[in-house]
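Take a look at this single chain in structure tokens; it is the form predicted alone.
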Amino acid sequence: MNGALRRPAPLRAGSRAAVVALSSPIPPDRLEVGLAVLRDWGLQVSEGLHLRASHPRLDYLAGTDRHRSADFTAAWSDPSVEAIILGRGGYGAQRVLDLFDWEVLAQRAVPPAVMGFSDVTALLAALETRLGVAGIHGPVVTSLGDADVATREHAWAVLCGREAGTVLGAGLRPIVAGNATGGLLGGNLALLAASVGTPDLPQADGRIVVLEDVSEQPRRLDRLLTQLIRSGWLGQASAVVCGDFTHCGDPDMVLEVLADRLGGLGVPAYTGAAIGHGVTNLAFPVGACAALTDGMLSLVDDGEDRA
């Protein structure tokens, strides 16, 4: 599985990155701070045509579905664009997936690096299932502006292909203790659950599934986890590692829900990875080989060359 996913070429100072919106409208002040981070990395930054737009009727969307789809397609189809970094999460990425001409996107020999998280989980899953491409689960532009130093430095290292050996979580708290290896998969719990029954949810067989979420109360987390369990999807994983569950109510109750739902899977399960909507959100390439050893999740060198 790891070798089957195509990886982008490493970025460098001077690489061109396009910023596009696939989800919710982007606050201008947070956008500007995030764009400044990209420029500090030495990237040449271009903006999607509708990056700063809002849907004329549905105010929770950044422009119409067709405009958001067209901006992503234009960036992907431009051979000078080496990275596409999503402007913001929120909601809306699932609405555009069936508008993409996947045959056109498949024509690009070396894919751009695509980075985002939260609502972008749906896009990262579709890139794997439809194109065999490994996206990067990591900060969106608006969260880069608020990110700590560790988040920014790690995101740039992953974009530059220097992630092997880095730690995504140390001193993880066990629900079920144990060790595992496998390609990383996952992201936002709500988006993964919403992808069950669609063609865009990758198989979890033998993989370490990472889960995180924001603003979902414990009973809703229970419902989402139960959906992934009843569908049979989560039971295929070699291990489950939970990141941050931010603003999800009483933290102790959240841990009770995670333990109740994940404890019966029969695989190692841990909480406490530095991934999600918390202060630190460490990036990882989807499909990257990882090791869960003695409560530490780290990326390991799988011997695969970057494109």
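Numbering starts at 1 and follows the sequence shown. Because the structure is a prediction, the values reported are computed rather than measured.
One more form of this protein exists, namely the form predicted together with a further copy of the same chain; it is left out here, but the text below deals with it.
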| query | finding |
| --- | --- |
| 4.5 Å heavy atom contact, Leu49 to a further copy of the same chain in the predicted complex | no |
| Close approach of Met253 to a further copy of the same chain in the predicted complex, 4.5 Å, heavy atom | yes |
| Touches a further copy of the same chain in the predicted complex: Gln94 (any heavy atom, 4.5 Å) | yes |
| Residue contact check: Asp98 to a further copy of the same chain in the predicted complex, 4.5 Å heavy atom | yes |
| Position in contact with a further copy of the same chain when the complex is considered in the predicted complex, options Gln107, Ser215, Asn179, Ser80, heavy atoms within 4.5 Å | Ser215 |
| Heavy atom within 4.5 Å of a further copy of the same chain in the predicted complex - residue from Ala190, Val209, Val133, Ile136 | Ala190 |
| Contact segment among 72-80, 216-224, 179-187, 137-145, judged by heavy atoms lying within 4.5 Å of a further copy of the same chain in the predicted complex | 216-224 |
| 4.5 Å heavy atom contact with a further copy of the same chain in the predicted complex for all of Tyr60, Asp65 and Thr198 | yes |
| Sequence-ordered residues of 138-157 touching a further copy of the same chain in the predicted complex, heavy atom within 4.5 Å | none |
